[in-house]
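Only one chain comes next, encoded as structure tokens, the form predicted on its own.
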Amino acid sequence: MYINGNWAAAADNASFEVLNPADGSVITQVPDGDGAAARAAIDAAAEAFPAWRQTTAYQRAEFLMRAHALMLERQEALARVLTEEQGKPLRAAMTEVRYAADFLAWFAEEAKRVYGEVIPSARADQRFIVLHQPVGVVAAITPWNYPISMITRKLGPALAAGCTVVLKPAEATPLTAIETFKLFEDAGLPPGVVNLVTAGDPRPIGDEFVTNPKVRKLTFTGSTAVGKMLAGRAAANMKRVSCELGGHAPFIVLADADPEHAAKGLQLVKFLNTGQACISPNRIYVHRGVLDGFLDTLTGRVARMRAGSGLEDGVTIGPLVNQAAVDKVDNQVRDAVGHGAEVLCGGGPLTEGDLDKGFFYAPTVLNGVSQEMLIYREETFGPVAAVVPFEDEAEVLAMANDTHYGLAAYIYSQNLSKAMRLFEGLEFGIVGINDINPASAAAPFGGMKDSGIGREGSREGIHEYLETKVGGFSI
């Protein structure tokens, strides 16, 4: 763990194992922190806050740009650690590291653009001046599916705003976080400004985050159930909260779309990170007029995907995070088949050869998915493309919005008017129109409804870590 500028073991040298999901082997052990460790980290962040908030925006930007340069310099080593503990192919891990570095550079610049304002008054002798100041100590909890980019997407704006931070990374992927904090240390961040607590059991850390009065802001990325619990407990203590939670993204292919182009896009985004992404399409609505062409292209591309360790050349899809994830995906597929869905490729766990040692599920395409199936209602978080044929374009918007999630959605159409109407009508925070990657450090990321509150990235992202203060001056 990294607390107050020092690397530290847990109490009684307690530790937990980090596994490689490709073969189930133990990579190493890391400190198993507890509530006391979290409290020590929060105390360090609170002590460091007054001095850090007094640094200029330009000084904070310099720290972030040094970290950015180091991340790019070490991207290959970081990517290998990420692949080993998380499973995604090395090429995808390299892409994530570069994406993570983007947030450091973006918020280094945004630090200089936290502007105030002067508001006119009805009184001749009065002036209003508005300032934006750092909220204080931030507690951050990040997920295992994107273990480095979710760190910088939170810590970048927090540090740029003048906040200090305590991070609890996912228990499945602490090694990437440790390497990232070595980078922060080498960038020269003062002791206590960033702190890292690793733990096999997240509950004691979460308890400390939501109850400790020194924590003024909680930022969380993870499941909707856990996010709701943390947000509720934090609200009881009047803490600022932002949450990026689950998704159940619709992918709409209209009758005028190019089915081959749409299928290629779907394959790339659906099977990204083995389907373990909150913006992954779950309900794929394809107009019957282009269904055959879409399925032919999609099935051919998915069938050629090669599963295995992300460190092997030629592997295009990695393992799921654990056996429970495999079981959940398989249960959804078997339920869908039992209710009449057709398996066009895949359809079960992969256990041949060395794959039996890891957590692999065959890239799968299902056709004829309908509303009574579990996969239609539940987030899959796995490599299954669930295709729902439709005929009435007037109904597909209502079908797409018929979910308590509201994170991402996708539209394929060559008709600008139809695409615009769907874009405006979809109840989702992120919409890709003929675009499978509607995400960037410069663009706001976040959802509606049960998919969370707040936005990350963009100029909005830094304001999640700022308080607004007004001064009324009588002159």
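Residue numbers run from 1 along the displayed sequence. Since this is a predicted model, take the numbers as computed values, not measurements.
Heads up, the form predicted in complex with a small molecule isn't pictured, but that's what we're talking about next.
Just one of 96, 379, 102, 85 comes within 4.5 Å of the small molecule in the predicted bound form, counting any heavy atom, and that one is 379. When the small molecule is considered in the predicted bound form, only one residue from 252, 199, 165, 249 comes within 4.5 Å through any heavy atom, namely 199.
Residues of just one listed stretch (282-290, 105-113, 345-353, 220-228) have heavy atoms within 4.5 Å of the small molecule in the predicted bound form: 220-228. Not displayed here, the small molecule is kept clear of residue 190 by more than 4.5 Å at the level of heavy atoms in the predicted bound form. Mapping the unseen interface onto this chain, residue 142 counts among the residues with a heavy atom inside 4.5 Å of the small molecule in the predicted bound form. The closest non-hydrogen atom of residue 169 lies within 4.5 Å of the small molecule in the predicted bound form. Using a 4.5 angstroms threshold between heavy atoms, residue 203 counts as touching the small molecule in the predicted bound form.
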